[in-house]
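Encoded as structure tokens, the following chain is the form predicted on its own, with no partner shown.
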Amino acid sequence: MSTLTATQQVQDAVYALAHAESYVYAARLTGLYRSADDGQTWQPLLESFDQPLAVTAVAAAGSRVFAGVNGAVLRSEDHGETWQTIGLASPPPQVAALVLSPTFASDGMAVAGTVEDGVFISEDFGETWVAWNFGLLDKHIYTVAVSPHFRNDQILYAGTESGIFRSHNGGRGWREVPFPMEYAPVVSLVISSDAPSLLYAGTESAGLFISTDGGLTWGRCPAIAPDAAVNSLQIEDGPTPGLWILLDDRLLFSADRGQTLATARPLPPQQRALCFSVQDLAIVGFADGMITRIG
């Protein structure tokens, strides 16, 4: 089986990264890859398919892995060794985001956001997927966020071409929140784990926005340039909780809810960062195929 090193450039965009147990998964233009050594080397996982598959989203929990491809979600129960293909509604939608409930191990709840056909929900560990788009007026989905307290509040957010939509019932119905349309599209969303009404929204070219009331009102994050592309966001729990913010050229950390930046980590020059995942260390994926570890 072939491998890629962490910094090998193959002009192969890295769209998403996910940690689960002792593995890291990378969704790439040429397929899905897995690393067992914190991103130092990568092994391809979809070689059993007849043709190369562009993987545009990935999510994982325990031994279960989900990969978003054109028109389908790929599902594995053994860390990506074997796969089942679950087709979505026709015409085939492109999967842009995959997220799992924080209590996925017990409720089996997974959400797929697609570029043109809205949101698909699974409540059976990814075996079946149903389009749940009632009230979702903009079906161009770029990102989805699940409440850390989803078991109790059933809250989901979807970032779209025109703004943000919210569901209070696990995706069965959606309502638009008053995010300023002139700053859309919204390409990254994350909900605070210790304050469910605290929401961060990263835009394609208008910086980072913060809402403290569940999306009813919004203010700019003063620490981020108002013309910045905020490509990915992640909340880190633990001894030093805070907010990670990925721009095109920097990975930033804020310990005070985005008011100031405690850490700024420059990325390789002349490269565009698209995604990252933080566990013991940060792993960043780039548009040209590079994957870099940041300790």
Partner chain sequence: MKAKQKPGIVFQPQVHRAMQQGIYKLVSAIRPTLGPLAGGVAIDPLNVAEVLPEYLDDGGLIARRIIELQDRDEDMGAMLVRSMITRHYERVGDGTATLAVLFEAIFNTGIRYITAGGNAMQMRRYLDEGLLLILKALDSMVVPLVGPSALTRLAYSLCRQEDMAELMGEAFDLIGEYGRLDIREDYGRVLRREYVEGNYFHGGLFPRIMQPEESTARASVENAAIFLCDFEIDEHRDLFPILQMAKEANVPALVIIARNLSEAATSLLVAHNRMNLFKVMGVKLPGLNAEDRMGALDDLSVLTGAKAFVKIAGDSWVNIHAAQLGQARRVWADKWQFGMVNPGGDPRKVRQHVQRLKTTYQSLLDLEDRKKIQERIGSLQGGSVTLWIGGFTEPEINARKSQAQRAALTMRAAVQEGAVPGGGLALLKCKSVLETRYRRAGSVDERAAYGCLLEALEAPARVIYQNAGYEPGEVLAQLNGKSSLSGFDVVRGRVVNMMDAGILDSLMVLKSAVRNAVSTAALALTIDSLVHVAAPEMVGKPT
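Residue numbers count along the first chain shown, from 1. Small disclaimer: the values here were computed from a predicted structure and weren't measured.
What comes next is about the form predicted together with the partner chain, which is not displayed.
- Taking A72, A223, V177, V144 one by one, only a single residue has any non-hydrogen atom within 4.5 Å of the partner chain in the predicted complex, and it is V177.
- The partner is absent here; in the predicted complex, the one residue of P93, G113, G215, G126 having a heavy atom within 4.5 Å of the partner chain is P93.
- Remark: P196 does not count among the residues lining the partner chain in the predicted complex, judged by a heavy atom distance of 4.5 Å or less.
- Residue contact with the partner chain in the predicted complex: L137 places a heavy atom within 4.5 Å of it.
- The partner chain in the predicted complex is approached by G163, whose closest heavy atom lies within 4.5 angstroms of it.
- The partner chain in the predicted complex is approached by A184, whose closest heavy atom lies within 4.5 angstroms of it.
- Between 144-152, 163-171, 101-109, 78-86, the stretch whose residues reach within 4.5 angstroms of the partner chain in the predicted complex through a non-hydrogen atom is 163-171.
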